[in-house]
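Encoded as structure tokens, the following chain is the form predicted on its own, with no partner shown.
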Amino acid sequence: MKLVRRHRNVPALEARKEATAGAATEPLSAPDVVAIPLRQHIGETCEPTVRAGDRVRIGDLIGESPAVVSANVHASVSGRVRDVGACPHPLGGDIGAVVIENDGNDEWTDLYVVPDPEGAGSDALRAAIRRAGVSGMAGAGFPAAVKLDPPAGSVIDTVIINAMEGEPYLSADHRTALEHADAVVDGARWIMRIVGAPYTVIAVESDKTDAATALERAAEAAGVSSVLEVRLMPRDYAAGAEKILVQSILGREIPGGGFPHDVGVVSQNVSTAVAISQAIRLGRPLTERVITVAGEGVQRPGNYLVRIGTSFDHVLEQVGTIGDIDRVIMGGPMMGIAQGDLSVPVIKPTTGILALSSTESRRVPEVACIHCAWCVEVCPIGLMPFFLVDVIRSGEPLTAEASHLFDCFECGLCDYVCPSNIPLVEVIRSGKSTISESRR
């Protein structure tokens, strides 16, 4: 798969992290009610394990599935289950959720810790990660235990911990790497143990030297600096995408439709590495995460530790809003998803909430494609976005699939440069969804 450089006339993306990169993580107050979706990950929706009226504690299991590709769901507050039913989801539509009234006691469940984790085998360590409901905390939210169980015959020689965070505004991963470097390194160490890899690279953008220094010190303190490298990478949007990062670091090309394990690699997001460490060391389920809250509509932009299931409304109310907000996005401005209903909850892959002004959101009418091919020039993996969109809109998504539709990781660069303001990523995403739904 040929990589191409950005068109020379396209300016680099502004980082816009000034308001948050230096902001230490603060805990956000828990809401009176949380709505915790039973699917926050790639794979099968969990079945509820509680009913209305049940009392739960933080960390109690409230949803599970026998499916291999799934991730357990846990209570993020203690209190009483108000309802189990459909609720709005930040990825679109309604999905089953457990609604819990917070009693304010923050009572934790009894946590199960792996006995003698240093002597435990890979299966026991993966089971701890699955039990804790750890899934990717960026991107699609792939269940971590599944990702750490590559197919038989796979030989994994390198673990990559991704701390790149190229999206404008977002700095949650940066703060996590800086503030919890010891847990990042510990998580990487467990991943190496599980998959049998002898070596790890933690990829950090070159403008995050404070995080890189903290990670190097943590590796030295843990006695793993000989097998764990912290590598500074050029700051370039989309360079943190899994396929591109593997090629940049190792010179290996993941085949179309393939996975990192096909080229001897397992990769995890930096925040996921922390969650893996907590799952194994503490038996702690994934019930909260750090998110960035930013944009011109935010009064106190920063990084906040937020309970899973907290509504976007509550988050924005706590940080304060100013001016006219044109659009609220989950994630970054390039790959994030605009929200029409702010009652939707924070989920495991929620990296940020952006409240953008009309100037920031750049919402302008679409006009006809002028076939300038800028979208082709900037595509990091050499696709033809205009063609994919044409055939999807013509009712031929399978033609798009044959042209590597599913290799698109929806970075948004094509949208960013399109002079006709065509929502290329939105159409591409809909084409993938159409094909996937037809095969269920």
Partner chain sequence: MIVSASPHVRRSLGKKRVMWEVIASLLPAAIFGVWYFGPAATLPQLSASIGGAVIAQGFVERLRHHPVTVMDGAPWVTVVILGMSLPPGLNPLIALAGGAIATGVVKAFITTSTGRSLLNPAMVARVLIVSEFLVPATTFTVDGVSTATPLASGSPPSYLDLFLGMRIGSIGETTAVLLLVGGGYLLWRGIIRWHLPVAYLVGVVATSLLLGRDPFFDLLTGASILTAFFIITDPTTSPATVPGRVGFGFATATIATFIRITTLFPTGEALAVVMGNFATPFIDRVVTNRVYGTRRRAGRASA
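Residue numbers count along the first chain shown, from 1. Quick caveat: nothing in here was measured; it's all calculated off a predicted structure. Note that the rigid core is defined as the largest set of C-alphas that superpose within 1.5 Å between two forms.
The form predicted in complex with the partner chain exists for this protein as well; it is not shown, and the discussion that follows is about that form.
Site annotation in the predicted bound form: the residue of Pro333, Pro143, Pro349, Gly240 reaching within 4.5 Å of the partner chain with a heavy atom is Pro333. In summary, among the residues Ile322, Leu232, Val155, Val367, the only one with a non-hydrogen atom within 4.5 Å of the partner chain in the predicted bound form is Val367.
Proximity of Arg429 to the partner chain in the predicted bound form: non-hydrogen atoms within 4.5 Å are present. At least one heavy atom of Gly412 is located within 4.5 Å of the partner chain in the predicted bound form. When contacts are judged by a 4.5 Å heavy atom cut-off, Thr25 does not count as touching the partner chain in the predicted bound form. Using a 4.5 angstroms threshold between heavy atoms, Val417 counts as touching the partner chain in the predicted bound form. Contact with the partner chain, judged by heavy atoms within 4.5 Å in the predicted bound form, is confined among 70-78, 242-250, 206-214, 189-197 to 242-250. Contact with the partner chain in the predicted bound form, defined as a heavy atom within 4.5 Å, is made by none of Ala19, Thr45 and His89. Interface residues of 307-340, taken as those with a heavy atom within 4.5 Å of the partner chain in the predicted bound form (partner not displayed): Ile325, Asp326, Arg327, Val328, Ile329, Gly332, Pro333, Met334, Met335, Gly336, Ile337, Ala338, Gln339, Gly340, in sequence order. Shown in the overlay between the shown form and the other one, fitted on the rigid core, is a CA shift at Val391 of 2 Å or greater.
The Cα position of Ser430 differs by 2 Å or more between the shown form and the other one after fitting on the rigid core.
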